[in-house]
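Before any questions on how it binds or moves, here is one chain, the form predicted alone, in structure tokens.
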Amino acid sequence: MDIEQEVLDRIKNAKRVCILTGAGVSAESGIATFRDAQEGKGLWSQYDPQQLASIDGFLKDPQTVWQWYQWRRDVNKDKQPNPAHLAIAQWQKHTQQNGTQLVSLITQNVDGLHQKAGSYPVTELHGNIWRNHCLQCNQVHQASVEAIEQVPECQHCGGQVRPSVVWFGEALPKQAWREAESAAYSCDLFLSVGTSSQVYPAAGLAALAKSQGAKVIEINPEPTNSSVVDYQITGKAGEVIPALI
């Protein structure tokens, strides 16, 4: 891992930092990507991911989709934040206390590990697997769903409760996307961490930041060779981020 002094100076002198994290950060805590979680797992390997994570799949077979997400929750419930999560949380807390920087955190991950590490605020582009809401009236489902195998009924309208994650074909939450665009547009330093830069619209945030004059740093075990990246740091987020801090 080679970190240039120029990169360190950029981070130190930035006034507004925007961090985008992807599946690679969660993978270092042992959380499989969506497709990896589905492949080769007995019963679930029989299903196309589109069946398990789309509104059409839920409407056709809500019970199977619900059980798939309950299985994922059970597998991931004991996973803990890794050094990357903890370092980012430390970075946010430090800058909030001394006011030298504004650090905005955007994540494509749905596991809540950034919050578990102590990060605040966190903009969740793809929702959160630990939350649920009603498909019909959109009300948040407050009751615990732990060990609930049958699709719960909404306490407000009796509709079907679904996980509060963004499924294939669904738009990103409007408020979250506005926050992400604003952070990327106004930053002078953008960090892309553990993401392939191929999933849109999130992948367009780095380009948006770049268009407004921000420098873009990419941290990945495998460089993406994106044309908008100014500095590439090859390595795991859990090693690189603490070193930067």
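One rule holds for the numbers: they count along the sequence shown, beginning at 1. Keep in mind it's a predicted model, so treat the numbers as computed, not measured.
Another form exists, predicted together with a small molecule; not displayed. Remarks below refer to it.
J.: Which of 176-184, 207-215, 56-64, 23-31 has heavy atoms within 4.5 Å of the small molecule in the model of the complex?
T.: Only one stretch qualifies here: 23-31.
J.: Quick check: do Tyr47, Leu113 and Ala143 each get a heavy atom within 4.5 Å of the small molecule in the model of the complex?
T.: No: no residue has a heavy atom within 4.5 Å of the partner.
J.: Is there a non-hydrogen atom of Gln108 within 4.5 angstroms of a non-hydrogen atom of the small molecule in the model of the complex?
T.: Judged by the heavy-atom cut-off of 4.5 Å, Gln108 is in contact with the small molecule in the model of the complex.
J.: Even though the small molecule is not shown here, does Lys236 get within 4.5 Å of it in the model of the complex, heavy atoms only?
T.: Residue-level check for Lys236: yes, a contact with the small molecule.
J.: Should Asp74 be counted as a contact of the small molecule in the model of the complex, where contact means heavy atoms within 4.5 Å?
T.: Flag for Asp74 set to no.
J.: Using heavy atoms and a 4.5 Å limit, would one call Trp167 a contact residue for the small molecule in the model of the complex?
T.: Yes, Trp167 lies within 4.5 Å of the small molecule in the model of the complex.
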